[in-house]
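Starting off, we have a lone chain in the form predicted on its own, written out as structure tokens.
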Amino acid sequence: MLRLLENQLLKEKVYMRQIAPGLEVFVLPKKGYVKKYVTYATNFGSIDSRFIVEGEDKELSVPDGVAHFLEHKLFEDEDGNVFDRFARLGASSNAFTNFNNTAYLFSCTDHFAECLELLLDFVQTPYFTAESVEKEKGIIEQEIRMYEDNAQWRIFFNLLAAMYKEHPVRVDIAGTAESIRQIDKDVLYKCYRTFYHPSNMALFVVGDVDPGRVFEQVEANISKRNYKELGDIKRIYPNEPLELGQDFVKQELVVSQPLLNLGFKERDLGYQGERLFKKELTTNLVLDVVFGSSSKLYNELYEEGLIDDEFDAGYVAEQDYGHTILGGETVDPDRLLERLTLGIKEAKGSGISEAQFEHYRRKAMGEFLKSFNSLEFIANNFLAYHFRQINFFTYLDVLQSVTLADVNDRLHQHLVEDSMVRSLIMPKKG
């Protein structure tokens, strides 16, 4: 059955078809575009380490880092390295794993059908041997060690490990050197058979393509694989308390100057869909008004030399976790902390004005419309939101539904001191 998702303001149409046994395929034709971009994603990320598949009564628990490990291994098969085959077709390929999803992608100008077939084939043809898994452990362990000295990576994961007591979002996406040593080919196949089933995946194609031909090609590829129905996957996450694990974490690394991040733990959880989307857009408006590059506070901090243009503030909204993180490099972390907390207090005291609200909402709309020139932006965001039961095309409508009262309520409820974590990286002495 073919469905059409249309947005009159964007002047865009997405054609959607569900292909048995449950793969959702989305195609956005972009007439006149030379480049085509495709992403094939599974709703499986680093936090999915405990689960039960429908029809089974036993909970499966797998080592941290399996999703990332699987991503690495799928690019190798009996014929060698998949990257090389894309390169021979003149295409660029890549993949990424985050907390919630794993995605495989390519972009090309020519040989689109061959590239799409290659993507479908390699993602659906796992090939793991005991020898290749052992070899990969060494590669990933080296990657983990490398990130242990990366200040931006460490300040981020130090903050999450302090903010969360139980939730697996506190664990590095790649796992730990200890956890990946527990991974074997049986664990990989077990996770693959569960989370790489078409009913837990989605495909997005954007470019100057014919939707009908794309659907026919994908259906022909999927139908020859004799998939059986997969029941619902019950993902098991620990009960995360509202309070923080700790409110301050510090580490010394070889850096030229200190880094300070502040995090605010979300307490309003438990839902997906448009309500989650609205909370995300409302929070991002708050952050832009208070901390954005055109805000009074940002410019004062910049003029004082407390921040540089890498200073940033962002919000993550998921069903079972969420947080705001802001900060960057600074010559004086104590003074920056003092100024940021004072800035939040002053924003709450004066409130966000109608003029500020309208200005920043129009700014958000303009940036969103501009971003639709990027095929990567459209495809990657569409699927990430799709897995959270959100239609990314409703962005402008949901943003229009946000009120001044929503923004001021969110400012007071989210940016509160007892949900705040400080993560600090200081230059190593000696």
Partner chain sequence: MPTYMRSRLANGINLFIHPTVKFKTILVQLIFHRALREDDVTESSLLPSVLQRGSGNYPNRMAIAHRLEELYGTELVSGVTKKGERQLVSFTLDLVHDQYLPGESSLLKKALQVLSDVVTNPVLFDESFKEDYVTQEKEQHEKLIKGLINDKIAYSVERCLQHMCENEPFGVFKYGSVERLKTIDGPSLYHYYRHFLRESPADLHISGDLDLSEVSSLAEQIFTFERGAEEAVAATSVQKKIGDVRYVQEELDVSQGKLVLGYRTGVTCADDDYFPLLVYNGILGSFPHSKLFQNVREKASLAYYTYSRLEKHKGLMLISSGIEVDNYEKALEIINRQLAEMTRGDFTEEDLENTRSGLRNQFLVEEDSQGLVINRVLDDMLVGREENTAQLLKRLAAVTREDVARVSANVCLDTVYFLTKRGGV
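Please read these numbers as outputs of a predicted model, since none were measured by experiment. Residue numbers count along the first chain shown, from 1.
Below, we refer to the form predicted in complex with its partner chain, which is not included among the displayed structures.
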Residue 222: touches its partner chain in the predicted bound form, heavy atom cutoff 4.5 angstroms:
no
Within 4.5 Å, heavy atoms only: does residue 329 come near its partner chain in the predicted bound form?
yes
Is the gap between residue 255 and its partner chain in the predicted bound form 4.5 Å or less for some heavy atom pair?
yes
Does residue 305 reach its partner chain in the predicted bound form, with heavy atoms at most 4.5 Å apart?
yes
What is the one choice in 104, 264, 315, 360 with a heavy atom within 4.5 Å of its partner chain in the predicted bound form?
360
Its partner chain: the contacting residue among 109, 125, 350, 239 in the predicted bound form [heavy atom, 4.5 Å]
109
Would you point out which of 266-274, 318-326, 73-81, 231-239 contains residues with a non-hydrogen atom within 4.5 Å of its partner chain in the predicted bound form?
73-81
Triplet 33, 148 and 366 all within 4.5 Å of its partner chain in the predicted bound form via a heavy atom:
yes
Going through 135-165, which residues have a heavy atom within 4.5 Å of its partner chain in the predicted bound form? Please give them in sequence order.
135, 136, 138, 139, 141, 142, 143, 145, 146, 148, 149
